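Each of the two blocks below gives one form of the same protein chain as structure tokens; they are labelled structure 1 and structure 2.
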Structure 1
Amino acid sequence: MSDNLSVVICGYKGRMGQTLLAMAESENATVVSQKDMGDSLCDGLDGAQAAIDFSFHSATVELVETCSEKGIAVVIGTTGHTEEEKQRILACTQKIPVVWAGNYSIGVNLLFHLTETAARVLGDRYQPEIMEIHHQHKKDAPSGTAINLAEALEAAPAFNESNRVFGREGDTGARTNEEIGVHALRGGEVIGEHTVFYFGENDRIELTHRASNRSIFASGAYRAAHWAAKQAPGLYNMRDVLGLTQTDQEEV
């Protein structure tokens, strides 16, 4: 069992924030402060070893910069950051460890690993499409997880970011083998579902992860916080946390 971790929960009024608060004891963590949009970050952070942020992308920058001044590790669960926000956050990784992931589910991060492996094996003989489904309240699209899945595909030589296609409308012409289709569905109270399709001429491969409870994300975020608190300054993701190393496999 890991040592008890002193944490700050940011975005505590939201669904994930409430889940994090409820699970703190079972995840061997003590919440020393809880913050939400509009709250001052000037107090309540002293003594914290890590901050877990599931607030909103515009609030993440101030949190990370404040934690950078205080030497507190940060786990970022927000998505939809502007380029300026990204650069300000990245600058702070020179001073503190930051785990930044689109999804903290251990199962989803295994999906990233399998997606990259499949893309390297299949190459452009199979055409990849990503579909994600979330509840009607989610404000950004596509999800950070869907973008991470696209990045996993792009680790294979056959694909690159310039060939992403977000949805299709009108006379788009025939699909090329190099495309990566990304599609977002919204409705109801779906916690999160992601599928990567590989379409071949005579068969189809599907890799799917379905979340049935937000506790999987909270548990992964706590695991990341425990890990990050012991790391040197730098930018990390959940593959680093889980020890999933990327291998340079030749395309088959």
Structure 2
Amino acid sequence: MSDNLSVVICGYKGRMGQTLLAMAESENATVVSQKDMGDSLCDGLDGAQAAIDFSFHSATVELVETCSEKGIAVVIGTTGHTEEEKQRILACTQKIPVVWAGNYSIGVNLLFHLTETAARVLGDRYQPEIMEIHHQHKKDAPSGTAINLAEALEAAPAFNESNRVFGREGDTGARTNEEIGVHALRGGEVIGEHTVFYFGENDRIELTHRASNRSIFASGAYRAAHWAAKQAPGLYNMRDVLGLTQTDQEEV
């Protein structure tokens, strides 16, 4: 069990913020300050070892810049930053450790790693297809995680971005070995499911992650905060946190 961690939660009134507050004790963290819209992001941070931010992209910049002055590690959960915001955040990584990930689920990050590893091992002898399922309310498709899975496949020499095929309809012609099929299903209240299929001539491999609730993101964010508080200044992602950085780049 890691030492207790003093944290600041930014965006605490939101869905993720409330989940983070509810899980603090079980994640071995003490919330020394909680912030939301209208609060000063500069006050009350003394004594904190890490800040976890699931507020809004524009607030993230102010929080990270304040933390860089105070030497506090930051875990960035927000998405949708502008180019200027990204540059200002990156500048702070000279002074403090920052973990920045589009998805904090430990299981999904493991799925990225396994997807890439399988693609390297299987090469173009297997044909990959990605399928994601989300609830009926989701307004965009495919999911960002499905795109990240395509990127994981594209780390293998056999595949690249120009070969993504989103859904299939009509006179598509035969499937080529280079294609990465991406398919979105919508219905019910499914929180999020992602499967990568590798179709071979004589067998089929399937890697699946199924989310049950958003506590998986909060749990991953706490793990990132515990880890970040002990790191040197720099920019890190969840692969670094989980020790999943690919070292064997050779295709079999």
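Please read all numbers here as calculations on a predicted model, not as lab measurements. Rigid core here is just the name for the largest C-alpha set that superposes within 1.5 Å across the two forms. Structure 1 provides the reference sequence; residues are numbered from 1 along it.
Here the chain taken from the form predicted alone appears as structure 1, while structure 2 comes from elsewhere.
Residue 62 is not among the residues whose C-alpha shifts by 2 Å or more between structure 1 and structure 2 once the rigid core is aligned; its shift stays under 2 Å. Residue 98 shows a C-alpha shift below 2 Å between structure 1 and structure 2 [criterion: core-superposed Cα displacement of 2 Å].
After fitting the larger rigid piece on its C-alpha atoms, the remaining smaller piece is found rotated by 23 degrees between structure 1 and structure 2. In the rigid-core superposition between structure 1 and structure 2, residue position residue 191 carries a C-alpha shift of 3.8 Å.
Overlaying the rigid core between structure 1 and structure 2 leaves the Cα of residue 158 displaced by 5.5 angstrom.
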